[in-house]
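Here's a solo chain for you in structure tokens, the form predicted on its own.
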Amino acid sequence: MEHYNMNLTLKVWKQKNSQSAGSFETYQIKEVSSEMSFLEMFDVLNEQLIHEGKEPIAFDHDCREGICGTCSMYINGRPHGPWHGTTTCQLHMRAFKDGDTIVVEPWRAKAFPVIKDLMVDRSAFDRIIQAGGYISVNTGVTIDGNAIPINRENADKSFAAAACIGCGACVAACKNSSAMLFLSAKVSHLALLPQGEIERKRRALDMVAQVDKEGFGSCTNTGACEAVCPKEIEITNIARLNREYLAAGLAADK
């Protein structure tokens, strides 16, 4: 693949905190390598700003391997940028061309208040997991992986749901700021396995209640969440969540 350098204009959202009004700041960055990752480009920009005596841009990152889900940037109107099934840290500058203007914003949702600039507080997801995203197990000697027979189809579906990294792209893309794709992945992951059976009914009720408490919007099945998910979590998980919630509600009424 041909390597090339480019000059870019960046319009980046700057905001001191959730109580302050924010605005876009425009930056010029030159000689950006097409082989840089998007976050490496931001590293270079921040070094440039520090050298100029200006405040660097605050953004979240950790593993830079598409695993942790912290690199939450809204790039040119799409969570994680233009590539499908890719996190921001996996996005490379060859996705853009010389002279491009790139607009970068944080996730925008009531439940994800801005900490600073491109960083948002996604602890709402942690509280949703704490509400029911766990199983009861006996401590002691590690159980062999094949000790509990599991239907292959269910195992595959559970594994696919477990791929969710909780980045919040689904919330950012949804016109209602719904967290249903995230929630459904976490519920499906455990509902499809025998290990998750003990808390199965309580899990669905408690986690949905926590989602409502956090202020996320409702799902209207537009499918935007599935389209931007970097781990390609399927929207069919939302249908499974609805079945789990209905069954749990009916059992609770008895």
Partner chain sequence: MLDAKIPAGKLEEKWNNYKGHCKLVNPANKRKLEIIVVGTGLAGASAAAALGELGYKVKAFCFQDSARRAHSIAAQGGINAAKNYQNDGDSVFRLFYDTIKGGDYRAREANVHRLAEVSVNIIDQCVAQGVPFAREYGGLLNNRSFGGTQVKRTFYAAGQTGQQLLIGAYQAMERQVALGNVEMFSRHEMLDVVMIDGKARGIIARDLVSGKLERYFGHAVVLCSGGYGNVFYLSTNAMGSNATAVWKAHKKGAFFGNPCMTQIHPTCIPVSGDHQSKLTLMSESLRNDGRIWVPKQKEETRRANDIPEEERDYYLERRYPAFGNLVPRDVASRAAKERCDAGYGVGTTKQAVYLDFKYNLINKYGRTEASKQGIHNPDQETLIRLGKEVVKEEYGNLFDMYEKITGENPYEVPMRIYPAVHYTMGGLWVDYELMTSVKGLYCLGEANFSDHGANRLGASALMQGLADGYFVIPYTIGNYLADEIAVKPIPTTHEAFEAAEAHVSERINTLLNIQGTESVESFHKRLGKIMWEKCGMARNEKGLKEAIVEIKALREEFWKNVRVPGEINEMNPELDKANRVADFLELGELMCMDALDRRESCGGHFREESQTEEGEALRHDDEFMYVSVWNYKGDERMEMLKEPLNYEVIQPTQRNYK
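Numbering follows the first chain given and starts at 1. Note that the coordinates shown come from a computational prediction; the quantities given were computed from them, not determined experimentally.
In what follows, reference is made to the form predicted together with its partner chain, a form of this protein that is not presented.
Engineer: Hey, of 160-168, 173-181, 73-81, 95-103, which bit sits against its partner chain in the predicted complex at 4.5 Å between non-hydrogen atoms?
Structural biologist: Result for this chain: 160-168.
Engineer: So in the predicted complex, does any heavy atom of Ala209 sit within 4.5 Å of its partner chain?
Structural biologist: The answer is no: Ala209 has no heavy atom within 4.5 Å of its partner chain.
Engineer: With a cut-off of 4.5 Å between heavy atoms, is Gly69 one of the residues that contacts its partner chain in the predicted complex?
Structural biologist: Although its partner chain is absent here, Gly69 would touch it in the predicted complex, with heavy atoms inside 4.5 Å.
Engineer: My question is simply whether Pro56 lines the interface with its partner chain in the predicted complex - judged by any non-hydrogen atom within 4.5 Å.
Structural biologist: Pro56: yes, in contact with its partner chain in the predicted complex.
Engineer: Flag Arg64 as yes or no: does it have a non-hydrogen atom within 4.5 angstroms of any non-hydrogen atom of its partner chain in the predicted complex?
Structural biologist: So Arg64 counts as contacting its partner chain.
Engineer: For its partner chain, considered in the predicted complex: do all three of Glu47, Arg122 and Ile129 come within 4.5 Å of it, counting heavy atoms only?
Structural biologist: Contact check passed for all of Glu47, Arg122 and Ile129.
Engineer: Heavy atoms within 4.5 Å of its partner chain in the predicted complex is the criterion; list the residues of 172-189 that meet it.
Structural biologist: In sequence order, Phe182, Lys186, His189 come within 4.5 Å of the partner.
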